[in-house]
Every structure is written in structure tokens, then in C-alpha cells.
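Encoded as C-alpha cells, the following chain is the form predicted on its own, with no partner shown.
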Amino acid sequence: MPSSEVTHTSAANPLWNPWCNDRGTFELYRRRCREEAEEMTCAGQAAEILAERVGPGETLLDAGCGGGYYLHALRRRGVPVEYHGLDFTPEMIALAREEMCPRAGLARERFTVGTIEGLDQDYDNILCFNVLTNCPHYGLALEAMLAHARRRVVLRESLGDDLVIRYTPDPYLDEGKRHIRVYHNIYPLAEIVSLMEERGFQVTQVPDRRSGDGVEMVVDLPHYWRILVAERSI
């Protein structure tokens, strides 16, 4: 992993952060940045959802951007957004700056280290795919996104009938790091939709193409991927 000069008071601590202790996944992210790996189904679907809705020059925050490779999917489909990426893992932001910025012609400042719940800037669109499921709880982060989205929030998380908090060691991390515990939560779909509506959004559920709105096993645990498109009522 690159030795990063990226630091921030909201950055994840490598002692407990799984994303900087998984070399295999990190190198997969690098290949995606370089377009050497197949496009993720969910990245393509996110871009298609946005392509139907955004206008030229609108801003988009990729919340929990990792290496920033969703930008490739957006550009392949001609989605005319001004892209910004946010992640709390400094190593991921360093990867995005190293690999994506020169390829996409972006300033390094387009990628920043920070937490979603610490958002202090508005964006027309906020995209958050496969992120909150791995957080202690969705509440603060989702509240922040709803507060700072001028037009819409597009969300993909593991959603079901009830709240299930799972905090388990990850056997797929690097050798010597497999004691680090990771959240793989399931959140109540109806509760999240209700919160979005209370904050002034109209919510549409879009069938998840990868899972078919069924069950997908991720690190040996069932996940129920659902996509919600929350459009601010005007």
C-alpha cells in the first residue's frame, strides 16, 4: 500500500480499520482504478440510475469512495457530474489520488479524507454504495447525507425487516490482522425509508441487479442488498 501523506483528524486508525489491512482487496481496487478489472455490477447500475436523473454540471459526492473507480462507470455512460470522493481511510484516498487523478484529469483535492457524518458541504447528488452496512450504525451518516444533498441520495446497503448488528472478525484480512472485527449489519428498510421521507425526500426502490433483491454471501455472511433513490421534494 502507498505510504500516504494524507492525514486528517477524522481518519480511520489502522489498528482497527480493516480496509488498510487487506492487501488483496486493496490491489483489486488498484486494478479497478486502472481499468484492469471487470466493472462492478453495482457501479454500472449506480451510473445508469444517475444518468437518468442528473443534469450537466451537477456535483456528486461518492461517500465512501474507496479508490474512486465508480468515476469510470459514470464517464463510460456520459453522466455529466462534477465528481468528488470522500473516504475515512487515508490509504484509499492516497490510492485515488495516485491512480484516478492522473487518469481522470482531476485535481488531488477532489478526494478528501473524512467521515460521512462529518459532512459540512452541500452536493447536488450523494452516492453511497456498500458503505453504511460496514459502519457501527447508519443513523448519523444517513442524516448527514440527507442534510447535505440538494437533489438526491442514491443508497445501496444490506436492508431487511429488522435491525441486525454483526461485529465479527474477518478471516479474509492479511495474516496477523484477522483479529480485527468488521461490521456487517442489516438495517430495517422501512425505518430508513421513513427517515428519508421525514427529511423531505420521495423514495423509490430500484431492484438490485447483482443480487436480484435476493441474498448474497459476503465474507460468509448473508447480505440483502437493496437500492433506494431518495429525491428531494421541491
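Counting begins at 1, following the sequence as shown. Not measured: the values here are computed from a predicted model.
Absent from the display: the form predicted in complex with a small molecule. The rest refers to it.
- E117 belongs to the set of residues with a heavy atom inside 4.5 Å of the small molecule in the predicted bound form.
- Contact between Y123 and the small molecule in the predicted bound form is not found at the 4.5 Å heavy atom cutoff.
- Proximity of Y138 to the small molecule in the predicted bound form: non-hydrogen atoms within 4.5 Å are absent; the residue sits far from the partner.
- For M92, a non-hydrogen atom is located within 4.5 Å of the small molecule in the predicted bound form, even though that partner is not displayed.
- Checking V131, V79, L142, V153 for any heavy atom within 4.5 Å of the small molecule in the predicted bound form turns up a single hit: V131.
- The partner is not drawn, yet in the predicted bound form one stretch among 142-150, 159-167, 94-102, 109-117 has residues with heavy atoms inside 4.5 Å of the small molecule: 109-117.
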